[in-house]
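Taking the form predicted on its own, here's one chain by itself in structure tokens.
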């Protein structure tokens, strides 16, 4: 439903509260994640989770490049380049994507079977591709706002490291380098992304679209875990 022309923009505090109010929809509360943190996943379920999360991780640089291609603001483009470099790494064998592959190896996956995506569930592929398409086709501010799930990620990553070390004896701390390295990084990115969205979403319509974009992203993540859970149940 479109807003009436006279709808006043929310104050910054109201807008931020509305965005943060979507935290309950983040995938940290999904039953699959709850079981993971409680030590309830089998080795096979962990493999399926890691292999499918790989598909999400490996397209993040493409998502971020799409945002840059649509953004007319030089300082934001410069800031966003760091995200691509973080995941792709400065050289081969480096970066967030490589750290995720290390985790895949730790849970018992061969590198080839991860890279060829043989374990990627159709529902995961559909959800992740929809996210990349969103970044390519929506206005840059909405695409940036969709990434505000970063606001909810740091605490979950801290818990994940502790819970996986406590509950899955074959996983070592160094195998969780993706999470341990990302905890501080994602907190900084979340603050930076929120600042961009609050500064540039100046009309009520832009604010509502930013909230809708973040809602869409939570749906993407939740749908991914739904599909992972179904795929893992086929053992």
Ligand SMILES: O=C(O)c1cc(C(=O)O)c2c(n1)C(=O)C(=O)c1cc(C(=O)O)[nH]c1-2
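Just so it is clear, the model here is predicted, and its values are computed rather than measured. Residue numbers count along the first chain shown, from 1.
The form predicted together with this ligand is left out here; the points below concern that form.
Contact with this ligand, judged by heavy atoms within 4.5 Å in the model of the complex, is confined among 205-213, 52-60, 162-170, 38-46 to 52-60. Highlighted residues 65, 140 and 191: none comes within 4.5 Å of this ligand in the model of the complex, counting any heavy atom. When this ligand is considered in the model of the complex, residue 19 lies well away from it, no heavy atom lying within 4.5 Å. Put simply, residue 217 is close to this ligand in the model of the complex: some heavy atom of it is within 4.5 Å. A residue is said to contact a partner when one of its heavy atoms sits within 4.5 Å of a partner heavy atom; residue 221 meets this definition for this ligand in the model of the complex.
For the chain shown alone, residue 99 is not a contact residue for this ligand in the model of the complex, no non-hydrogen atom being within 4.5 angstroms. 156 is the sole member of 114, 106, 156, 121 with a non-hydrogen atom lying within 4.5 angstroms of this ligand in the model of the complex.
Along 116-152, a non-hydrogen atom within 4.5 Å of this ligand in the model of the complex is carried by 131, 147, 149, 150, in order along the sequence.
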